[in-house]
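Have a look below at one chain only, the form predicted on its own, in C-alpha cells format.
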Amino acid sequence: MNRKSEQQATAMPVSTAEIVREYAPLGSGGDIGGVTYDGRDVWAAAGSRVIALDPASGEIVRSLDCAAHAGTAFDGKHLYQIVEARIDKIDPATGDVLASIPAPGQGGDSGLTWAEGSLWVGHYRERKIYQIDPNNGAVLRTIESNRYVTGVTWMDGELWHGTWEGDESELRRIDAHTGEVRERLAMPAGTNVSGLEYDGADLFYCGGGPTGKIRAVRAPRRAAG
C-alpha cells in the first residue's frame, strides 16, 4: 500500500464496533486462532482441536482432534484449517484430513475464508491477503493492506479483514482489487481479533486470541435496495 493509500486509510472515519455477545473462555481456555460459520454452528481453531460452538446456547457441541493453529473456513461441505505452513481440508463429520495444500504465507498465515470458489488467506506480518486455488494452493490474486492481517471474511460481496497491532484491533472493509480502505470498525480496547467470519445475516464472529474467547460483533447495516 502506497503513502497516498495510507493517508486515505488514516483519514477514513472510524466507528466503534458493537460487541453483542462474548463466548468464553472456551474449552481449556487455549488460544482461538480462527473462526468460521457453517450456518448453524461457529467453528474455531483451538490449538489441538477444532471446536464447534452453538451460538444460541454458547455450548461446545463438537470437538475434532485436529491440529488448528490459525484461520478456519467452511465451503458448505468441508472445513479448511491452517496448520503451520499448510491448509488441511477436513471432513467435519469425522475430523479426517482429506487433503492438504501449501499455505501461501509459508507459516505466516493468519486468516482464512471461503468465497467465490476460492480460499482467501491473510498473511499476518506481510500485511497481505491472497486469493488461492483450493485444489493446489496457487496464488490467484494478492491484495496489500497497511495493517497486520488477522482475519478475513466476505460480507455481501465486500471483503473485510481483521487487524491487530499493539493492543488495538479493527475490522476493515477494503476494496478487493486495490486494498483501499472503505470502512473501519474499532474494537474496544483490549479486545483483539484473531479470526473473522460473517454469519450471512447481521454478525461478525471474531476470535479473541489468547483470551480463549469468541465475540459476536454487530455488522454494519446496509440501506435496502
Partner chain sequence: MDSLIAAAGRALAVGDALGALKLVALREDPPALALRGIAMAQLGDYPRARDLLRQAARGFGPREERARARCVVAEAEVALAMRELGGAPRTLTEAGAALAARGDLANAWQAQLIAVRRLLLLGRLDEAGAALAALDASALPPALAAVAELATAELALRSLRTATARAALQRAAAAAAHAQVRALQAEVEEARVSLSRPAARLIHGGHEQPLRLDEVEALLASDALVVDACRRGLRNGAARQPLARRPVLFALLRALAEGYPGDVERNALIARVFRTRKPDDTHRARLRVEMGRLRKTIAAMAEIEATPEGYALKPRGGGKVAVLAPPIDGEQASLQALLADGAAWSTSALAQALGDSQRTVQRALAELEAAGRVRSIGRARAQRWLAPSLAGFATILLLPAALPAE
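Positions refer to the first chain, counted from 1. This structure is a prediction, so every number in the text was calculated from the model and none was measured.
The same protein has a further form, the form predicted in complex with the partner chain, not shown here; the description that follows concerns it.
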### Message
By the heavy atom within 4.5 Å rule, which residue out of Asp199, Glu158, Asp31, Glu180 makes contact with the partner chain in the model of the complex?
### Response
Asp31
## Note on the structure
As a check of understanding, the residue in Ala85, Ala99, Ala115, Ala138 with any heavy atom within 4.5 Å of the partner chain in the model of the complex should be identified as Ala85
### Message
Using a 4.5 Å heavy atom cut-off, which of 88 to 96, 128 to 136, 102 to 110, 72 to 80 contacts the partner chain in the model of the complex?
### Response
102 to 110
### Message
At 4.5 Å between heavy atoms, is Ser48 in contact with the partner chain in the model of the complex?
### Response
yes
### Query
Would Glu59 count as a contact of the partner chain in the model of the complex, using a 4.5 angstroms cut-off between non-hydrogen atoms?
no
### Query
Does the partner chain get within 4.5 angstroms of any non-hydrogen atom of Tyr37 in the model of the complex?
no
### Query
Counting only non-hydrogen atoms and a 4.5 angstroms cut-off, does Pro25 reach the partner chain in the model of the complex?
no
### Task
Select from 162 to 180 the residues with a non-hydrogen atom within 4.5 Å of the partner chain in the model of the complex and write them out in sequence order.
Trp164, Glu165, Gly166, Asp167, Glu168
